[in-house]
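So this first bit is one chain, no partners, the form predicted on its own, shown in structure tokens.
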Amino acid sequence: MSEPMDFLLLVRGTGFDVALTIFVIGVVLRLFEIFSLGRGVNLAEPRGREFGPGMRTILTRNVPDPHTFRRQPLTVVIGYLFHIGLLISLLLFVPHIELFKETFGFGWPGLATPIVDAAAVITIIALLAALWHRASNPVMRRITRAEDWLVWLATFLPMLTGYLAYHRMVDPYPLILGLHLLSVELLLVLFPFTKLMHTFTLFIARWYNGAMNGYRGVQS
């Protein structure tokens, strides 16, 4: 058996199992850590409800306020483009859905391949634009830490290698497919221990802020 195929079988088998195990256990532990902190007893008289304002805040905070957009339009546009493109590429690409179905036993309908391919290109361009903005803007560069560069790289590599693998732009094909899977596994391993965890905690934090404002009778 050729070395590229051996590499592909390794990352597709043992490597994927190990990375997925670390991802699941890490996410569960992080969420347990967050929820186990609990909430202090609020002795103030409630002036409203929590659930409705919490859900409303989750929805409304997904739309940038006009002041933020006027001040940082590039950041807002890039953020939306690469998040939406990433979700489309990850969740609506038929081969990804088939892999999920093989692993967990269920799946969902996907989008036409040209649509996903276009979303992948937009995501790659948006990520490169985000990197340029972070590196060239003095304020962004000053507040950037090593973890931010690592998170960017861990997000970018699966997109790049996936695009190269789909279009068979690297020979031999098992090598680039194996590198794509390896980059995804790196992302899975880093996910619970970096800012990537905001994928889950973002909505928890938004709900909590809205719920607390609703409890006080304040518009969130």
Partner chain sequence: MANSKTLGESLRRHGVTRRGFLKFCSATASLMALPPTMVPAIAAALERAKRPSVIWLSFQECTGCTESLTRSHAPTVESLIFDHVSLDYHHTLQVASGEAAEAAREAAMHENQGGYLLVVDGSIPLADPGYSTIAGISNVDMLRETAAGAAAIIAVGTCAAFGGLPKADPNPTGAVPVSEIIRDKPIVNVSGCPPIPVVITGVLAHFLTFGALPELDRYGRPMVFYGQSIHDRCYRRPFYDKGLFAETFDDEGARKGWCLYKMGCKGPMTYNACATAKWNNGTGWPVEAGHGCLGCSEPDFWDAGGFYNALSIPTSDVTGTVVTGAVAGAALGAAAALLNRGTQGEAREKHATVTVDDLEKGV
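Nothing here was measured: the structure is a model prediction, and the numbers come from that model. Residue numbers count along the first chain shown, from 1. Basically, rigid core = biggest C-alpha set you can superpose within 1.5 Å across the two forms.
Omitted here: the form predicted together with its partner chain. The next part is about that form.
- Not one of 86, 159 and 162 is positioned with any heavy atom within 4.5 Å of its partner chain in the model of the complex.
- The closest non-hydrogen atom of residue 172 lies within 4.5 Å of its partner chain in the model of the complex.
- Residue 55 falls outside the set of residues with a heavy atom inside 4.5 Å of its partner chain in the model of the complex.
- Contact check for residue 168: a heavy atom falls within 4.5 Å of its partner chain in the model of the complex.
- Contact annotation: residue 99 falls within 4.5 Å of its partner chain in the model of the complex, judged by heavy atom distances.
- Applying a 4.5 Å heavy atom cutoff to its partner chain in the model of the complex picks out 3, 4, 5, 6, 8, 9, 12, 13, 16, 17, 20, 21, 24, 25 from 3-25, in order along the sequence.
- Annotation: Cα of residue 113 displaced by less than 2 Å between the shown form and the other one, core superposition.
- Annotation: Cα of residue 72 displaced by less than 2 Å between the shown form and the other one, core superposition.
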